[in-house]
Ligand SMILES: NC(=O)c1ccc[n+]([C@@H]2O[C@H](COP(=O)([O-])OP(=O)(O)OC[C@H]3O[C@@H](n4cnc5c(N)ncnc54)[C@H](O)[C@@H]3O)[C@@H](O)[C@H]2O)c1
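First, one chain by itself in structure tokens, the form predicted on its own.
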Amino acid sequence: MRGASARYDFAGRVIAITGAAGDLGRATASRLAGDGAALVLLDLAEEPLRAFARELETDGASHLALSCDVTDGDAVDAAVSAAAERFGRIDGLFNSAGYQGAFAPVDTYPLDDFERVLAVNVTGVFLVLRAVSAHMRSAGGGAIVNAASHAGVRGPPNMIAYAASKFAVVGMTQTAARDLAPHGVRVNAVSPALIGPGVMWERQVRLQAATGTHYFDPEPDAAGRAMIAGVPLGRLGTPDEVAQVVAFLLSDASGYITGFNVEITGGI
């Protein structure tokens, strides 16, 4: 039986979230706002971002919403500077922006999509990590959580680009944790597996089923059921359950944890 979420005190703290209009970004932002955090919301999808920002405004959450392409270093630097100017500080980061990519076996995987996945999931994560950590280092500390994936722990079929990118995020997390520990900046990662409902889960099931490979039933509903059947806990995880782990890693409750990748997989 799932119990109530633990709560953490983020009053007076400023947390930046990339991919803030996505399933995990929204869940985490809502969770942190409920714990008193001021939020910097970054996403390339401007209209969904603005709509979500209006929801937070209705709830009275302090926030700054900025459209930002994480693959553009100048845009990232400008957004981080705007956030620091608005709030005077950035205490935490959930580096969550990502792109799932195509679904195809390695021998037919399209190069242009491979490059796009790495641009968003590797270069984009690096650019945000670099900009925010530089600010935190000069400010005396902070906490960062990078969104990796179970695909970066054990590569799934038909997702060569996504798996490569998320393995890279785990490696960047471990190196950044060592580089930044002397400056009071903690860096951890979360690696969710099957999380839903939501856009990424529905897209994954539909496109895996369409690959025609022997791993997945060609009928999407049957493919989804089989995927869930492989989870020891027997169900999908929820975006709120990921947000709970992110909140813990950004909070003082995890003050002696850095360089760690938390797998949120239901036991896979």
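Quantities reported herein were computed from a predicted structural model and do not represent experimental measurements. Quick note: we count residues from 1 along the sequence shown, nothing fancier.
One more form of this protein, predicted in complex with the ligand, exists but is not displayed; see below.
**Q** Counting only non-hydrogen atoms, which stretch in 170 to 178, 146 to 154, 82 to 90, 106 to 114 is within 4.5 Å of the ligand in the model of the complex?
**A** Result of the contact check: 146 to 154.
**Q** Please pick, from A164, A75, V120, A139, the one residue with any non-hydrogen atom lying within 4.5 angstroms of the ligand in the model of the complex.
**A** If I apply the 4.5 Å criterion carefully, the residue I get is V120.
**Q** Could you check which residue among D69, D35, E241, D217 gets a heavy atom within 4.5 Å of the ligand in the model of the complex?
**A** Filtering the options by heavy-atom distance leaves D69.
**Q** Taking the ligand as it sits in the model of the complex, is I195 near enough to touch it, meaning that at least one heavy atom pair lies within 4.5 angstroms?
**A** Contact check for I195: yes, within 4.5 Å of the ligand in the model of the complex.
**Q** Going by a heavy atom distance of 4.5 Å, is A97 a contact of the ligand in the model of the complex?
**A** Residue-level check for A97: yes, a contact with the ligand.
**Q** Just to confirm, I228 within 4.5 Å of the ligand in the model of the complex by heavy atoms?
**A** So I228 does not count as contacting the ligand.
**Q** Please determine whether M200 contacts the ligand in the model of the complex, using a 4.5 Å cut-off between heavy atoms.
**A** Yes, M200 lies within 4.5 Å of the ligand in the model of the complex.
**Q** Which residues in 5 to 26 have a heavy atom within 4.5 Å of the ligand in the model of the complex?
**A** Going through 5 to 26 in order - heavy atoms within 4.5 Å of the ligand in the model of the complex - the hits are G19, A21, G22, D23, L24, G25.
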